[in-house]
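Before any questions on binding or motion, here is one chain by itself as structure tokens, the form predicted on its own.
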């Protein structure tokens, strides 16, 4: 039973993390290649506080706020850049984060922070907390996608200049997407720290940013259900198949390339096309 709880917890955290990137990239069209840095901020914030015996339920919102503030700063810095330049800018954030963490002794340096105490919720209670948080944000994402805000995001993703002409405050909504997405990534980071009871600089590098991007692309950029399914499957594959664990970046990169080349709308697009064919018949 303990193994199944571990798998469900891992899946829930990965789903929450992938949905946080989907909110920025899938909904608002802002490419981010450094999303793991925001998860790292939440994880290190949570690890430091939990080492001081502070309750997890208090730690989670604090970690979200810290990650959201960093997201706001990066969002402000990214307002004047788009597309490839935005990707490069966000990629620089993750390298900067890892470099800073490695040099700070109070954050554990190269070794990281270990010995994080287990929450009073226990394994089952913590698993349920992760599932609930992932479900709540999934519901929020669906609500946004089907609301007027979702149409605003679609307009910005399609063409920022036209959106500006139509009277949409592009900067405001881009910043909103960045803050919500990064704060949610910080929440996932806090859960990660409690789940593994260890955080280190190698846990939140460029490889992790590519991994979560692969989950979003494979699931279908902008699709809530597709991203949830892809994140759940890809997060546990390294635990179930040794080859995937040994060559994780190779497997994820191959999936990323294959989807972008043959099905840019991901698994969600494939399922939709199959359903359309069945209906037509």
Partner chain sequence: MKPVLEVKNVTVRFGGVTAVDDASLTMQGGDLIGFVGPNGAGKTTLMRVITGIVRPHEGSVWLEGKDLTKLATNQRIRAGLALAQQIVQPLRKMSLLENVALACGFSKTANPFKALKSFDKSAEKATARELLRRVGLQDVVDAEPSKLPLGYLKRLEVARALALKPKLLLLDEPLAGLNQSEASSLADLIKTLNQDGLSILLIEHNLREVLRICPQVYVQDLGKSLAFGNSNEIMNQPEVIKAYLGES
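Computed from a prediction, not measured in an experiment: that's the story for all the values here. Positions refer to the first chain, counted from 1.
Below, we refer to the form predicted in complex with the partner chain, which is not included among the displayed structures.
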Thinking of 143, 155 and 158 as one candidate spot, does the partner chain come within 4.5 Å of a heavy atom in every one of them in the model of the complex? yes
Quick one: does residue 128 come within 4.5 Å of the partner chain in the model of the complex, counting heavy atoms only? no
Considering only heavy atoms, tell me if residue 168 and the partner chain come within 4.5 Å of each other in the model of the complex. yes
Just to confirm, residue 151 within 4.5 Å of the partner chain in the model of the complex by heavy atoms? yes
How about residue 162 - does it come within 4.5 Å of the partner chain in the model of the complex, if we only consider non-hydrogen atoms? yes
Within 4.5 Å of the partner chain in the model of the complex by heavy atoms, the stretch out of 91 to 99, 171 to 179, 130 to 138, 206 to 214 is 171 to 179
Going by heavy atoms, what in 40 to 55 lies within 4.5 angstroms of the partner chain in the model of the complex? none
